[in-house]
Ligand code: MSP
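Form predicted on its own, single chain, as structure tokens, below.
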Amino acid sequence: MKYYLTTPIYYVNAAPHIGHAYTTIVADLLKRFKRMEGYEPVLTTGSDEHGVNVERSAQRAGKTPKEFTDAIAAEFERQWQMLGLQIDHFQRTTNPQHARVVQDLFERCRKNGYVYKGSYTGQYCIFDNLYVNDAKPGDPCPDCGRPTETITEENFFFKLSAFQEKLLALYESNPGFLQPETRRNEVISFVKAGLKDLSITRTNIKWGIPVEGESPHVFYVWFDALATYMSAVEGEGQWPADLHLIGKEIVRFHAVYWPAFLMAAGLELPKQIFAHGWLLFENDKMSKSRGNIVRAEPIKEVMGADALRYFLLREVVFGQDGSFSYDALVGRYNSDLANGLGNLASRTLTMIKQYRGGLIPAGPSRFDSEPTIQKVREAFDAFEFSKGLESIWSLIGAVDKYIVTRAPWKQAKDAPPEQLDETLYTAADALRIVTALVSPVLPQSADKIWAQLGMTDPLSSVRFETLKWGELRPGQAIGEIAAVFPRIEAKDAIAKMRALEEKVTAEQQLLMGKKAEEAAAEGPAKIPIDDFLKVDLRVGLVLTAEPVKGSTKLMQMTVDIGEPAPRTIVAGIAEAYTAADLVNRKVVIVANLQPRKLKGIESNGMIVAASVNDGKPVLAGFHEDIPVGARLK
């Protein structure tokens, strides 16, 4: 059975970061999972390389568009190889094969009467490759907030307005076509509000696929890029896609424009689109302008690719926005991987070596793992990866409790041999089941544990239909035992990752054609004075302070800012300040932020601090005696 899935076709105006990795890691997991279900999965990703924004980025870098896109596309491919992702097709929109498919899609739509030539004058956002209807010159783009440009040109238009009812009928008849439900509702509301015809070519740029016989027209980036999903597997019998995996910011293009293009061309639609949330860093969307980009490579170098995979898939509820922090990453690694799965593997295999000479003993398995197998399969099928992993770790916890209760170290001294055999066999068989179940999430680590168990069949050959409890072969010799998840010292690991992040950032800036001093001078995007005046800065007096349990970084404070009641504020300053340092200290507070929860505590404000070279914060303060509650202007 075929199963064809895709990631977005990533735009190459910047080098890849952890947000790109998140989507692609999930796609890799799904490919491995579908193989366990008996499918023959194929995974496509690629690079979206055309458009005025890329043209301008190349010009700033002192390169031709081809040189620029070659470099960035190669970096995406290198990243996926570095992370060990099983990509079948990396399709570039500059590939001649892709251009033929785009032209064919256009001709089909034109032949069927859904394409016409017209002209347009209006506002255009080069960053989102989007015309902004009803905008005036200088108005910002509603999607990204950056300035629009006035454009007048002759275009080919696609009759998107003709597909309003057809699209609504699609969403109604096939609720699973677009998930999760929140995204489906958003798209339905958008379509019900009315669809306008869509420009699908440009005449004012050269960097794009030419429309045959219609010079100087080149295809608009979305008509071009979306066709990549077909061009990547042309002639392979894979289309239609079983799943398009995308970020929520591009759901309109995939769930409205793309099916309309395909309907117009008389081609089959993808079976499902799933739009996940953003990966936030310290509760803010990652962006170059904010300077809060996190990349996968430093994490992989310090903690391994599987640590990143596990964190993203266990910590984040797929479909919702999720938050990334180095503290949480290391904490989850130590608690779940080192103390959980790693400890179960180490103690089980060490006891088999010590008490049974490294041979799996004969004995019945006292754990029925089939309910867990079914729960994991159902959860992963529903894109509930965190829930599936929770089920696996519940089994790990149950096996740990079983070992403690049976106390094999005591059985080895004063119990009949068959009792110890039963204990060790049960633990080893459960470890076998756990390893197979977790392999789509932790492929490299699972392979190591599988080999240490002495399994001779490759883990990639395991299928759910054949994964049964109690089928570990007695007498099987285990392999060489080694720690798969050694504990990590948080402070050292975070310092190493931050240092590597700076190094990788500098390398990627050079890749983009920028010298280090130019990148530093570029800095964050400037904001107008009106935006700054929206920030309500107050003088606050810290009344109480205490570290937040379970965190090495967070401090909980009550702060008087001149209101009837003090505020609770949680800040990441515990590594730099003790509670005694903070009490009775005057600080600067951002008073008009929306509340947010950190470790279950609602924080109503943000404390202002500067970041210095070692990453530790330094609180803003005053030399003069300033009254509590005073506003900073």
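This one's a predicted model, so the numbers in the text were calculated from it and none came from an experiment. Just count from 1 along the sequence shown to find any residue number.
As for the form predicted in complex with this ligand, it is not shown, yet the points below apply to it.
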This ligand contact at I9 in the predicted bound form, heavy atom, 4.5 Å: yes
Contact of L105 with this ligand in the predicted bound form (heavy atom, 4.5 Å): no
Proximity of L431 to this ligand in the predicted bound form, heavy atoms at 4.5 Å: no
4.5 Å heavy atom contact, E418 to this ligand in the predicted bound form: no
The single option of P270, G454, G247, G340 touching this ligand in the predicted bound form, heavy atom within 4.5 Å: G247
Partner-contacting position among L167, A225, M557, C109 - heavy atom within 4.5 Å of this ligand in the predicted bound form: A225
Interface stretch in the predicted bound form with this ligand - options 217 to 225, 501 to 509, 454 to 462, 538 to 546, non-hydrogen atom within 4.5 Å: 217 to 225
Heavy atom within 4.5 Å of this ligand in the predicted bound form - qualifying residues of 15 to 47: H17, G19, H20, Y22, T23
